[in-house]
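This document starts with one chain, in the form predicted alone, laid out as structure tokens.
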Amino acid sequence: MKKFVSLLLGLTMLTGLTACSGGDDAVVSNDAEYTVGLLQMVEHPSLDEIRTAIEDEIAAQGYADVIALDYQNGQNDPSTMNTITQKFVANKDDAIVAIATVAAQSAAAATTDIPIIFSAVTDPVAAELVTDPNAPDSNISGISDVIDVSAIFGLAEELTPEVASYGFIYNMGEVNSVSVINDAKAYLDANNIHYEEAFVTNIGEVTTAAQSLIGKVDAFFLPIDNTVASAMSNVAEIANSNQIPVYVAADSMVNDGGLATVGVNYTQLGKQTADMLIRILIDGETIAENPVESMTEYSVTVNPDTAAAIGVDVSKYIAE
């Protein structure tokens, strides 16, 4: 069994529903005081972890019987997500929680009246969800999973100082990915470090993209990209067989085979999302009173199995 270890630096209970795909009807408790449409862009470990943490935090604060979550899976398809958010609006849900950027954009296009709380949106300004994160002036706010790429590259310098070039794999259609990659390019340019890019538009292209970088770069850097994350195990297999370290922007991507990150703690992200939802529904606060939040806790996460496979010493980050 694989062992995954996190060293924290800063630091399910299902409500009455059944998870559905696309436009299928969900069963939502009729006894709850509030109904919340919960749209998740696609199923994969990072986003699933957020959703579970939202459910758990609502229950932990004693509101499992008060707030009913109508969970819907967007299947990584914009038209499906649009259908789902339109259903939330037609049902006159009390709020919408949108996990990931495309899901949040779909919710924003569907309503200007229902409060929308997004989660895991890296750059809400670039995604045109808010104009000023510090002073929301519409019906949208939430929790950003923006990361400091310099911390990740600093960790890479510590663990694999011989790396002189990086390969990026990402979907240019994901605003969150482009934002992180732009930050990564700026950092590497400033430090005279070479990089190559491989673009994907769907999960099926990720393996080919990884293979295309073999022999061109010393390491991979993967942003918080939903397309790439869904095929992370394939990237890890290719990288490990070629002795290439993979640095990523999310702890779940380390769990799926990446070497290491200073990245997002998705359980904490979900908890913060639930906290904002509760403040708005239960405490009666407005979106305007809740500016966009960034993560309050980050973690160094390493994968000892991957480290052993490619000969990298990560013992410093393994808890005794």
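As the structure is a computational prediction, the values presented were derived from the model and not from experiment. Counting begins at 1, following the sequence as shown.
Absent from the display: the form predicted together with a small molecule. The rest refers to it.
Ala100 is the sole member of Ala236, Met81, Ile169, Ala100 with a non-hydrogen atom lying within 4.5 angstroms of the small molecule in the predicted complex. Comment: the small molecule is not present in this chain, but in the predicted complex one of Asn226, Asn139, Thr160, Asn73 has a heavy atom within 4.5 Å of it, namely Asn226.
Annotated contacts: Thr35, Arg51 and Asp93 are all free of the small molecule in the predicted complex [non-hydrogen atom within 4.5 angstroms]. Contact check for Ile116: every heavy atom lies farther than 4.5 Å from the small molecule in the predicted complex.
The small molecule is not drawn, but in the predicted complex it has a heavy atom within 4.5 Å of Leu47. Mapping the unseen interface onto this chain, Asn176 counts among the residues with a heavy atom inside 4.5 Å of the small molecule in the predicted complex.
The closest non-hydrogen atom of Ala250 lies within 4.5 Å of the small molecule in the predicted complex. Stretch 38-46 is the contacting one of 60-68, 275-283, 288-296, 38-46, since its residues have non-hydrogen atoms within 4.5 Å of the small molecule in the predicted complex.
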